[in-house]
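A single chain comes next, written as structure tokens; it is the form predicted on its own.
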Amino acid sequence: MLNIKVLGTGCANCKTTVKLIEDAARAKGVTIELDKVEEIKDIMSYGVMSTPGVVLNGKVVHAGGIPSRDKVELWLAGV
């Protein structure tokens, strides 16, 4: 199972990123564990300065803006 964390304080882009990942996982039939990290100190512990950020199995794979659907599908394909 993929562990995905979306880093962000709850802004519209962060919520859109969460929905995009959930929708893509559902469409691909991939089981994920999705967590939202909203505390600034926790976000900064990943070295992310611009949100939303995405952490995949402990590794930052995206930061600053909504990732493309294609990019999300590539992450999910790597399961």
Partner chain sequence: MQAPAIQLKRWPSQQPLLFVILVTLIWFSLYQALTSVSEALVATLPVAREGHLGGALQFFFYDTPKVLLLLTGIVFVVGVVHTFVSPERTRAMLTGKRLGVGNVMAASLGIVTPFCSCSAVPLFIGFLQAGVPLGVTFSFLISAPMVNEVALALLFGMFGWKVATLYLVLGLTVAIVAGMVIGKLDMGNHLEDWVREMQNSQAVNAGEVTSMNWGKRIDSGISHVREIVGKVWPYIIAGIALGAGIHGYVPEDFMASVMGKDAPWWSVPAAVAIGVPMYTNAAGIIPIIEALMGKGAVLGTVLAFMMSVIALSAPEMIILRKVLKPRLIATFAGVVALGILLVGYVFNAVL
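Positions refer to the first chain, counted from 1. Predicted, not measured: the structure shown is a model, and the values here were computed from it.
Only in words, not in the display: the form predicted in complex with the partner chain, which the text now covers.
At least one heavy atom of residue 60 is located within 4.5 Å of the partner chain in the predicted complex.
Mapping the unseen interface onto this chain, residue 34 falls outside it, with no heavy atom inside 4.5 Å of the partner chain in the predicted complex.
At a distance threshold of 4.5 angstroms between non-hydrogen atoms, residue 13 is in contact with the partner chain in the predicted complex. In the predicted complex, the partner chain sits beyond 4.5 Å of every heavy atom of residue 27. Relative to the partner chain in the predicted complex, residues 9, 44 and 49 are all within 4.5 Å by at least one heavy atom.
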